[in-house]
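Here's a solo chain for you in structure tokens, the form predicted on its own.
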């Protein structure tokens, strides 16, 4: 029976621990006080709500199976997720073919070419065959400049900023394939009543019941080796002895935990971007037309608004209306990351006032701001050739996370769960 330490208490780490505990002794180490990683939640009044907006798709097999395994299937709700596009000072619904046809900046020919592009993705069997093609280049070639300039380019810019020109068509095709799985009434999305905090709580309970150990608020500072073999993990406070480690932190963070040059891969080849996401609790809705997800082409410091209570009932949240303001950054010197929280919120609120002149700051009951400098990799052209293996060259050291094969070309909760399982499979094969 091996002694295994898992660095990182997000989904990948927790599901790996839960599975390994059937045969091994496992300790999960998390630097934050809260578990869940990007699925962490705020505890507001008598409810929980995720720090970063989440939903899932009917194709997310591993996530659905995990929910069933933990006895949470009754909490799953499938809801119509309405979308819109803010352009030229107005929000336009984009859920049905008729609504898309009415989108002003695109001609009828553009709409037809957009439809053909979406249809084409449905027949793509190997998304990775598009890995060496830039997304912008592929859109221009497939659908023309009208579709690119008025539909896709603002989305790419808002999500990837200065890195948008580097993003591969594999990411775009994979994303369109998932999001085009909708009926005439709109997109069908999954959510857990009461939030994904129930999923994290159930995983923790299962780990504890199986005899696992979870340490929070005490991060790893070094992976100790003896003769090229993992022998322990040094924490901010204390040291754990082990013969196996699964790292679920970004590759550049993992590299900082071992001797320089020890790893056979260059962690800097996997470029990460950051996320800045505000959550507002409000006394009334912002998007009164019922839109859940609004993509934005406007001069504001964010690229999307996600009104959670236009997706799930406001009664689940003490009558408060919940709005996410989402933005991404590529540079750690970006003001979204360097400014203090109050300054960032001032920028965001001014942006809301610009888009919605009727918005009143007094309607905001509370706000929270979540920021992470290393949210997820940017899937640039050629990324497939740089996907990191689950097993590293250091004996006893494995890795899994957003950078893994399971999360390419579109990261998701399901991909992180699958990555955790595949790291476990790699350990089992070596045994």
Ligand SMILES: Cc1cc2nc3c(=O)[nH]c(=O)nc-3n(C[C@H](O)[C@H](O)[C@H](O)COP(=O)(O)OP(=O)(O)OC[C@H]3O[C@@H](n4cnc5c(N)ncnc54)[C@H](O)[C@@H]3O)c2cc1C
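Numbering follows the first chain given and starts at 1. Everything quoted here is computed from the prediction, not taken from an experiment.
Beyond the structure shown, there is the form predicted together with the named molecule, which is absent from this document and is the topic of what follows.
Contact with the named molecule in the model of the complex, defined as a heavy atom within 4.5 Å, holds for exactly one of 395, 65, 32, 363, namely 32.
With the partner omitted here, the residue from 84, 154, 219, 174 that has a non-hydrogen atom within 4.5 angstroms of the named molecule in the model of the complex is 219. Contact with the named molecule in the model of the complex, defined as any heavy atom within 4.5 Å, is confined among 386-394, 400-408, 66-74, 41-49 to 400-408. In the model of the complex, the named molecule lies within 4.5 Å of some heavy atom of residue 375. The closest heavy atom approach of residue 148 to the named molecule in the model of the complex falls outside 4.5 Å.
Within this chain, residue 328 lines the site of the named molecule in the model of the complex, having a heavy atom no more than 4.5 Å away. When the named molecule is considered in the model of the complex, residue 18 lies well away from it, no heavy atom lying within 4.5 Å. Along 133-172, no residue reaches a heavy atom to within 4.5 Å of the named molecule in the model of the complex.
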